[in-house]
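Starting off, we have a lone chain in the form predicted on its own, written out as structure tokens.
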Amino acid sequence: MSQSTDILIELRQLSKKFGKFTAVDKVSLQIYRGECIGFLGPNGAGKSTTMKMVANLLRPTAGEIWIRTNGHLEQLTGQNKDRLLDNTGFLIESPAFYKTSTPRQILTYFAKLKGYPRPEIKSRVENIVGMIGLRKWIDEKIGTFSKGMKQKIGIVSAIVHDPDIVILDEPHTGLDPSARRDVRDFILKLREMGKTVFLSSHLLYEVSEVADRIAIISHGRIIACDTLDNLESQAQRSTIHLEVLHPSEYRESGESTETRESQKFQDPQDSKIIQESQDMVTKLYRVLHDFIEPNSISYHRDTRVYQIDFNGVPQTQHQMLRALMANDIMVVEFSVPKAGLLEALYLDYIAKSDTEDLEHQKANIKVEAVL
């Protein structure tokens, strides 16, 4: 993905101002063939504004957008926008459809609008509706659909013409967990099909499950862009989730299988479990003292999970597991959840950006006062 021929979209010093307010500030970003890049940031950070400029719904104040077509990158302009964007599908914000329309009518319209071969439109529409599990609803009026179903139709309307690039702005907005899972699975299908996906979302778990790289924007500026593993390495922090068996939860001294199994699920408020968890925290500090800092272990009674903060280095993670096993700690689970990791990194980057932005504002106020 490092070769320039693999770049499908390139943003070069892209900026957008609304009056005196700078919504996007010199954003540079390369999106590569076949990757899914997750675009994260707080409300008002500039995510949707950036995507609307790529979709030519907003004109940049400064900077350039380059899109690959016919084997080479070409700058997006008002004159060539239709040609350059033919190979791109967009879902910008929540879709709105006429209530009396059906998915077949909506998708057929978009396929014709984008120049999809007319003899193949009928089968194409039926295939992509089947991909999102709405085949039996293809001829039903969309006014009867749930929000999640409408959102799914909006997503497939962005790909009905089979583009190589798919840009999705908050596709999970307002969806229940089941619909979010369906959308997540569909994005994974797009990746398997070799599509390039540019995805913005507030739901860090959904992004962590599908994205090859993460770009974080704050106050209109890109403050981080890399794989999750590399961001973790750069931040030098991560969290291990550890589950172990306590002495009272599993004994091998002649007890029946039924008895041993039942002891695994004792009340987390049981005084014996509480004392054993406190003892385990002490033991974990003794075993792992070479790898962690003080106050870096916490125990969550409801989930029975010990959280261990460490430097995020894979070699350290391996050494910690070896130390646990060498000290006869009965490990049930030892993992670094991606969603929790992404949340911690995201909050760190945003907090640092907020501090820098505040200092910048104070500096500007001082300069204005002097002038």
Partner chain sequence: MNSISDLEKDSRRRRRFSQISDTIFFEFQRFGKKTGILLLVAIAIFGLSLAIGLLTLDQNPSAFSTVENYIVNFLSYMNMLVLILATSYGTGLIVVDFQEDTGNLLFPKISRSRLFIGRIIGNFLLGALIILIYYLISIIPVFIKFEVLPKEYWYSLGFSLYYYLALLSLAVFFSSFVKRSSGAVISVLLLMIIGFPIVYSILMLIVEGEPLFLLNYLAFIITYILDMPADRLESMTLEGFTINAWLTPDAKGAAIGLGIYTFIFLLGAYIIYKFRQTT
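Remember, it's a predicted structure, so these values are computed and weren't measured experimentally. Residue numbers count along the first chain shown, from 1.
Below: the form predicted in complex with its partner chain, not depicted.
S.K.: Can you pick out, from 208, 277, 201, 157, the residue that has a heavy atom within 4.5 Å of its partner chain in the predicted complex?
M.R.: By the 4.5 Å heavy-atom cutoff, the listed residue in contact is 157.
S.K.: Between 139, 192, 293, 82, only one gets a heavy atom within 4.5 angstroms of its partner chain in the predicted complex; which residue is that?
M.R.: Here the answer is residue option 82.
S.K.: Taking its partner chain as it sits in the predicted complex, is residue 145 in contact with it (heavy atom to heavy atom, 4.5 Å or less)?
M.R.: No, residue 145 sits far enough from its partner chain in the predicted complex that none of its heavy atoms falls within 4.5 Å.
S.K.: Looking in the predicted complex, any heavy atom of residue 106 within 4.5 Å of its partner chain?
M.R.: Output for residue 106 is yes: heavy atoms within 4.5 Å of its partner chain.
S.K.: Please run the contact check for residue 110 against its partner chain in the predicted complex: heavy atoms, 4.5 angstroms, yes or no?
M.R.: Yes, residue 110 is a contact residue.
S.K.: Taking its partner chain as it sits in the predicted complex, is residue 115 in contact with it (heavy atom to heavy atom, 4.5 Å or less)?
M.R.: Looking in the predicted complex, residue contacts with its partner chain include residue 115, since a heavy atom lies within 4.5 Å.
S.K.: Select, from the options 25-33, 38-46, 315-323, 54-62, the stretch whose residues sit within 4.5 angstroms of its partner chain in the predicted complex by heavy atom distance.
M.R.: Comparing against its partner chain in the predicted complex, the contact stretch is 54-62.
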